[in-house]
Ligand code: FER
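What follows is one chain in structure tokens, specifically the form predicted alone.
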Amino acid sequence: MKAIPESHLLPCATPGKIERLDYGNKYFLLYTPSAPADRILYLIHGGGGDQHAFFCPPFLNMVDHMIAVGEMAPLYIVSPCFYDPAETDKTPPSSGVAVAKFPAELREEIIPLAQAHTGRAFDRSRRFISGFSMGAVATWYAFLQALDLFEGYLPLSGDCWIMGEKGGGSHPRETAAQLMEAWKRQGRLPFHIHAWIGDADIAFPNLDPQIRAMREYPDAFGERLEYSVLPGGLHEYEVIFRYLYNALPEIAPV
């Protein structure tokens, strides 16, 4: 897994634009690159975080530089928040409830507003979803509930909780079966999942068994499932930025 060049963490001469888009009593942040883009990524924070967790200088500078030097094609990025504004309980059980409901909010509120603002009606082949930790749990729920919206899934350091909290570790085969059935139920649409984690990550004991169990369903997953493990990788945003440095060129190839 390539490391992020130190120069990519400094401000770029051609930065993208950040905007706040409000809907109801919530909002999301939108990154518009400096050059025209025809793909969009929905990138979801971890537990206890918010819209600004990813939209910080190290990550945004990295994306600006990757586009500027031709490592990836220009890409819109949406950073939403799955918590209600009045929610004060951000423990894993409460967060788990929030992310299970979040695909409906993506479908009904966030995606329509993002498309209206960008003036582009992205089809699912050019729409991607990713998230860190609890955001990865949200990414798995999007696969379970909204396969018609996204073709590409990048869960980062998090398992699927359809069988309960940390269910990918405690019930890996049942979790894999639920994911396979969701694919069948939603019309066997084409998709691609690339899961990323470190072997020193606190979520590794939950995600690794799930991925191994998913491999037992080659008709559903097979070549549609990739899995990258960083030796020594921890459960922190700096490591997640490295995963995205390697993943973004896959979803936005030049």
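The structure displayed is predicted, hence computed values, not measured ones. Throughout, we count residues from 1 along the sequence that is shown.
A second form of this protein, the form predicted together with this ligand, is not displayed here; the remarks below concern that form.
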(message) If contact means a heavy atom within 4.5 Å, which one of 103-111, 177-185, 157-165, 121-129 is the stretch that engages this ligand in the predicted complex?
(response) 157-165
(request) Using heavy atoms only and a 4.5 Å cut-off, determine which of 35, 189, 202, 69 is in contact with this ligand in the predicted complex. (result) 202
(request) Identify, from the list 142, 81, 134, 77, the residue with a heavy atom within 4.5 Å of this ligand in the predicted complex. (result) 134
(message) How about residue 47 - does it come within 4.5 Å of this ligand in the predicted complex, if we only consider non-hydrogen atoms?
(response) yes
(message) How about residue 92 - does it come within 4.5 Å of this ligand in the predicted complex, if we only consider non-hydrogen atoms?
(response) yes
